[in-house]
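Heads up, the chain below is alone and in the form predicted alone; it's given as structure tokens.
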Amino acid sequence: MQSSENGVESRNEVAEGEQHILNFLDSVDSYLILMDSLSSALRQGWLELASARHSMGASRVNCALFDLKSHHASTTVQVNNDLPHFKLCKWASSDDPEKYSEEGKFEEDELFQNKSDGPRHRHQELQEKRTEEGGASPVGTDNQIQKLFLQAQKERFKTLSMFGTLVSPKLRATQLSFETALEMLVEISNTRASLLHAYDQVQKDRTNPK
């Protein structure tokens, strides 16, 4: 009886060690994929910026137009002790940064996650997803999501206003590409933290065999 129990415990320990290895390999794979995606997003952003500068003229798109005064941060990163360690809060209102910073936590990742489609299409996808999961969303929730979406659009336009009232669509595409890159950087940081945690687990299994 004792031998049978020892055998079960041994198999459980082996399975746990194998799971740690799988978690580590999954984290490495995710990290490499994200790094490749980040490189693509940055490359796309620089190409779109070059195209916007070509269409608008070098005098309208250059660093001399940057407003170097102090401003409230429209995008911040929150650091937590638990995984995921980092959370991106984007497009805080310059009129009321503290208020919007709190509201911006509401489904931030789903609402503003930047994919290849435009922000309006992403907002429509989010609403469709919510309808599929739980039926029609409460009116108050939809209003809050719409408010955050419009606020983000307003801050995007305000950021580009330094380049003039009418800007090239390529410049707006540039903004979204670099916004995607910023999101990926935060995701890479979280993935790297998970990778290091998984690596520590594998090392403990190797140095402390049971």
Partner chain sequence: MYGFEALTFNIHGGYLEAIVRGYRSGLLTAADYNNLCQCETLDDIKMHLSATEYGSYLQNEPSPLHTTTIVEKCTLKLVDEYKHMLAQATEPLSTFLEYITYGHMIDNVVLIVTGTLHERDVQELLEKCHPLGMFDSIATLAVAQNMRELYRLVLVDTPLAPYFSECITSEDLDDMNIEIMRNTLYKAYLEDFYRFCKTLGGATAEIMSDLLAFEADRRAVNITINSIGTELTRDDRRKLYSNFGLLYPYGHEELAVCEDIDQVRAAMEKYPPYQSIFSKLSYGESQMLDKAFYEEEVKRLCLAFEQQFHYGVFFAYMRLREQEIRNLMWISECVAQNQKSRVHDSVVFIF
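Positions refer to the first chain, counted from 1. These figures come from a predicted structure and were not determined experimentally.
The following text describes the form predicted in complex with the partner chain, which does not appear among the structures shown.
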Do residue 62 and the partner chain come within 4.5 Å of each other in the predicted bound form, heavy atoms counted?
yes
Does the 4.5 Å heavy atom contact test between residue 185 and the partner chain in the predicted bound form come out positive?
no
I'd like to know whether residue 54 contacts the partner chain in the predicted bound form, with contact meaning heavy atoms within 4.5 angstroms.
yes
Verify the contact flag for residue 156: yes if a non-hydrogen atom of it lies within 4.5 Å of a non-hydrogen atom of the partner chain in the predicted bound form, no if not.
no
The one residue among 144, 175, 151, 168 placing a heavy atom within 4.5 Å of the partner chain in the predicted bound form is 168
So which bits of 63 to 87 sit within 4.5 Å of the partner chain in the predicted bound form, heavy atoms only?
63, 64, 65, 66, 67, 68, 69
